[in-house]
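Here we start with a single chain on its own, the form predicted alone, put down as structure tokens.
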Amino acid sequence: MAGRFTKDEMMQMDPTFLRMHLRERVHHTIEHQLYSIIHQGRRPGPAFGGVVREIFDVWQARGLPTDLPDIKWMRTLMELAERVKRGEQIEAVPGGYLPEPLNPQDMQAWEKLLLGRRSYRHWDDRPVPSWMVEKILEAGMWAASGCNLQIWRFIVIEDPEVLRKFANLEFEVEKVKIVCCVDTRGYDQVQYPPPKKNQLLDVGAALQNMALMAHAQGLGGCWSTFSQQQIDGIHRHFQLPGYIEVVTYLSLGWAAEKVLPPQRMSYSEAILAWVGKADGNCAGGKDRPGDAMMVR
């Protein structure tokens, strides 16, 4: 057994599902422990990395590609695991890094993007280049993902007839609709499955990344939801298997309307509790170094 599955089961498994299984096992049985071993001097157990090696042996036996980015990342972690099991002293994770603060210019650009994003519901007739859509999808793929399962799946609709079929009556002339779904099989193979809401959180994180990337490219986007009737229609139209769950979507185009700058209530008004704040001061950001971040 490697995780919840036998070798024979993995030899017959859909490669996409096997890849999710491999990522999840690397994440939970190597990555977590490896950083503690390297940085805190803990000793690896005798079975450290064994389950992942069994799954990866199946991956190779099936002739599946080993040069995919996530597979290469997993192979790096497997190699590090084997080194520490041999007793090698590794001072730092090769290629590892700590978060670094943005310089003032980059921080200004980030705040402009974050605070300036709006929901646009009316677009002009200009087409959206495919490379822009690809950048948006790539941004979604870099969102946080529970158990590193990366369960989000996307349907990109540009055909005007299909767009009309699944239109929102509030919107006008959308050029692209990115339908966000989840592959629920990922959670089926985790030994202690996270709550179902985590699937929706994963999709929400991906969609927020995509909305910000759309805005960064000068596009107008709007995050909205389908009716159950539309969800059923999408399943039929695209002949989706039962394990694909349609969740939400992002509509895109070149904005044909100017909107007022966004405003928000203060974060201090939204705090229910702040236990153990080091300086004992909750002054709406005034205690931070430099200028307070202002909503413009």
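Counting begins at 1, following the sequence as shown. Only a predicted model underlies this, so the values are computations on that prediction, with no experimental measurement involved.
Omitted from view is the form predicted in complex with a small molecule, to which the following refers.
Only one of the listed residues (T184, S224, T76, Q217) places a non-hydrogen atom within 4.5 angstroms of the small molecule in the predicted bound form, and that residue is S224. Note on contacts: among H122, K165, R83, R117, the single residue with a heavy atom within 4.5 Å of the small molecule in the predicted bound form is R117.
Note on the interface: of 187 to 195, 170 to 178, 86 to 94, 124 to 132, the segment with non-hydrogen atoms within 4.5 angstroms of the small molecule in the predicted bound form is 170 to 178. Taking non-hydrogen atoms only, G50 never approaches the small molecule to within 4.5 angstroms in the predicted bound form.
Put simply, H32 is far from the small molecule in the predicted bound form: not one heavy atom of it is within 4.5 Å.
Shown alone here, K258 lies farther than 4.5 Å from the small molecule in the predicted bound form, counting heavy atoms only. Taking non-hydrogen atoms only, R43 never approaches the small molecule to within 4.5 angstroms in the predicted bound form.
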